[in-house]
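The form predicted on its own is given below as one chain in structure tokens.
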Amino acid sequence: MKNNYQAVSVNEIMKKSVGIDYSIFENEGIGFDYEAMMNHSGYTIDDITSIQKKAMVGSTPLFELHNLTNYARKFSKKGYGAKILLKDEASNLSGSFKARRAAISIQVAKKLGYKGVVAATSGNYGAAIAALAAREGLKCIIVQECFDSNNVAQPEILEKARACEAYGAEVVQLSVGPELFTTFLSILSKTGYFNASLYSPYGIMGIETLGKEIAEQSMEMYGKFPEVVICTNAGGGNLTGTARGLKKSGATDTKVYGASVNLTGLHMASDNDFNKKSFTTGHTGFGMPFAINPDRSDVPRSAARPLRYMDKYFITNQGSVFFITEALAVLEGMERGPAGNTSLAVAFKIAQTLKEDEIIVVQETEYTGAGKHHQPQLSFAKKNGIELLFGDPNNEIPGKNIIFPKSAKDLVVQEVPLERLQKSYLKKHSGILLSDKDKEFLMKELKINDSDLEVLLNDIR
């Protein structure tokens, strides 16, 4: 079989490898039935909880970061400074919330009789899939974008490869570029293994329990649901699943905010830019493209659709995330990886605008160590010519420098207007005549009403 994109029938490979016929959800026009796709498996959220419990996943602790909360209140006006709570997902098998997604994908693969699983990921999901596959006796192949054309690899990605291999998985490491998806398709076709996609309904359903647990634990601890839950946003599945779980548990008034590291100007598929970034996930290089074009993923229709659920979107700079990572260790005695700390940096600033009796939840943490630790990340940045400076984080230029705030009061958090993302989403539909059903779909996709949609469409025209 030729190893190129044109030589493979993408839809047929996907249908065979995911066990879902996506065509049955398609509507006339541009839309599809999202909820029918999500409900197609027949699993309830209680079923998902039971599957995860057997896999040693879920039921993770939620607790208040008392010292960081008090620290934030030093910079708040009187009566302000919300309680900052942390959902400690590092206690899951494999050390991250991705184990929730993996548990369901592995369960489905086993139930449908697949001999093995394949996942295209450079991050925590690979380790989660490898760990859960090992428990169930399934073969596992992880496909990674790992290094640039000089064979220089990111320390965090190497750490993930080490974890995958420790669980018995085969790791296929590639240089950055378009060959990732082609290689992934080729492996699926040749092996006949299950596509353990991050973006399948199974992957998102696995995160719904995270939102459910946050709602239930907050109600038990404080007698109410949290005012705000902040989700680190990359491919959008984390935010989508958490928001759906919150809503299913009755926390319909809880606001769901996205948070990403600002890597504006760096292209994720660029050989030149690949090793100039200090974050392999949770950044704008994934968060923005996947928000405005969710179906750019490895399945025909992505179940991760963050604009359906996001109330606000914030970005922070690299230096602020490294600062809060160290603050968490020094003040709370917790060393955790960068993904959850992206949300923590944003939560620290947002908490200062909320009242003391309000609750803001950082909904996940991840394990750290080896290449994932902030010290090797910063050493790697320095080797790649990135300046490490203290100063005004607003002056940070991704790929040129990392600027740490001198004080926590100087942490940088900026809101990205959702209208900007909504317009970008709509641009691909601006040249066609939209039916009423198309417009209904777009209103759900962008979480807006009919008058808002008309305004946005007129603006982009």
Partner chain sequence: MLVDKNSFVRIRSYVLSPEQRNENIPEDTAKKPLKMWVKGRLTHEAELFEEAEIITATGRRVKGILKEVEPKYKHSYGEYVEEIQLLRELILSEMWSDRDEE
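Numbering follows the first chain given and starts at 1. Just so it is clear, the structure is predicted and the values come from calculations on it, not from any experiment.
Although not depicted, the form predicted in complex with its partner chain is the subject of the following passage.
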Q | Contact flag, residue 67 vs its partner chain in the predicted bound form, heavy atom cut 4.5 Å | A | yes
Q. Can any non-hydrogen atom of residue 271 be found within 4.5 angstroms of its partner chain in the predicted bound form?
A. yes
(Q) in the predicted bound form, does residue 296 come within 4.5 Å of its partner chain, counting heavy atoms only? (A) no
Q) Is there any non-hydrogen atom of residue 112 lying within 4.5 Å of its partner chain in the predicted bound form? A) no
Q) With the partner left out here, if you bring back its partner chain in the predicted bound form, are 356, 448 and 457 all within 4.5 Å of it by some heavy atom? A) no
**Q.** Interface stretch in the predicted bound form with its partner chain - options 244 to 252, 325 to 333, 339 to 347, 100 to 108, non-hydrogen atom within 4.5 Å
**A.** 325 to 333
(Q) Which residue, 385, 223, 137, 178, is the contact with its partner chain in the predicted bound form, using a 4.5 Å heavy atom cutoff? (A) 178
Q: Report the residue, out of 189, 76, 91, 183, that has at least one non-hydrogen atom within 4.5 angstroms of its partner chain in the predicted bound form.
A: 183
Q) Within 166 to 180, which residues come within 4.5 Å of its partner chain in the predicted bound form, counting heavy atoms only? A) 168, 169, 170, 171, 172, 173, 174, 175, 176, 177, 178, 179
